[in-house]
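Let's start with one chain on its own, the form predicted on its own, as structure tokens.
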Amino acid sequence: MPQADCLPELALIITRQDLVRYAGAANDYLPQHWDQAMMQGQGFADVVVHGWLGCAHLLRAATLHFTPGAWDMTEYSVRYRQPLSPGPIVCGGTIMAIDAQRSTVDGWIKDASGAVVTTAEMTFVRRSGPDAI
């Protein structure tokens, strides 16, 4: 029977400097990530964090439990529910253990107000063989 547990929560602050760094690494310079006046003119409170930057932090939260040397992520799907602005976020999720060798995680990112802005489903499989920790 499946059992539920929680990922350790990861709280952090996404800064504008993080957006600049991510834009350079991803070659993603779209104005919605840096032009606050344009975004406010379109009805947004602020610029929007790159979706994959938020997901990277969610994956960091997952690897606090599913250590990379012992587990491989084999599936990942994400849903962006609301725009995420720079500022404090919390990443976490519920672990749905299928068995000792395979687990799925229903992950989430919450913004500063506590609203869930991103959800993701991840599947992890325990490593075996000489490379496993």
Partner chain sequence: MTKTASEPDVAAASSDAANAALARAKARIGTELPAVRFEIDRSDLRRYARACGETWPGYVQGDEAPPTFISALQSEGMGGDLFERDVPFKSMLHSDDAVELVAAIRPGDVLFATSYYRDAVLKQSRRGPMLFQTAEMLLRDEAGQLVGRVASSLVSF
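Note that this is a predicted model, so its numbers are computed, not measured. Positions refer to the first chain, counted from 1.
Beyond the structure shown, there is the form predicted in complex with the partner chain, which is absent from this document and is the topic of what follows.
(Q) Is the partner chain in the predicted bound form close enough to A26, L59 and S77 that every residue in that trio has a heavy atom within 4.5 angstroms of it? (A) Every residue of the spot touches the partner chain in the predicted bound form.
Q | L53: touches the partner chain in the predicted bound form, heavy atom cutoff 4.5 angstroms | A | Because a heavy atom of L53 falls inside 4.5 Å of the partner chain in the predicted bound form, the answer is yes.
**Q.** M73 within 4.5 Å of the partner chain in the predicted bound form, heavy atoms
**A.** Taking the distances in the predicted bound form, the answer for M73 is yes, it comes within 4.5 Å of the partner chain.
Q. Should P83 be counted as a contact of the partner chain in the predicted bound form, where contact means heavy atoms within 4.5 Å?
A. Heavy-atom contact with the partner chain at 4.5 Å: present for P83.
Q) Does any heavy atom of V90 come within 4.5 Å of a heavy atom of the partner chain in the predicted bound form? A) The answer is no: V90 has no heavy atom within 4.5 Å of the partner chain.
Q: Tell me, out of I98, L64, A37, A45, which residue has a non-hydrogen atom within 4.5 angstroms of the partner chain in the predicted bound form.
A: If I apply the 4.5 Å criterion carefully, the residue I get is L64.
Q | Those residues of 87-109 which, in the predicted bound form, come within 4.5 Å of the partner chain by heavy atom | A | Read in sequence order, no residue approaches the partner chain (within 4.5 Å, in the predicted bound form).
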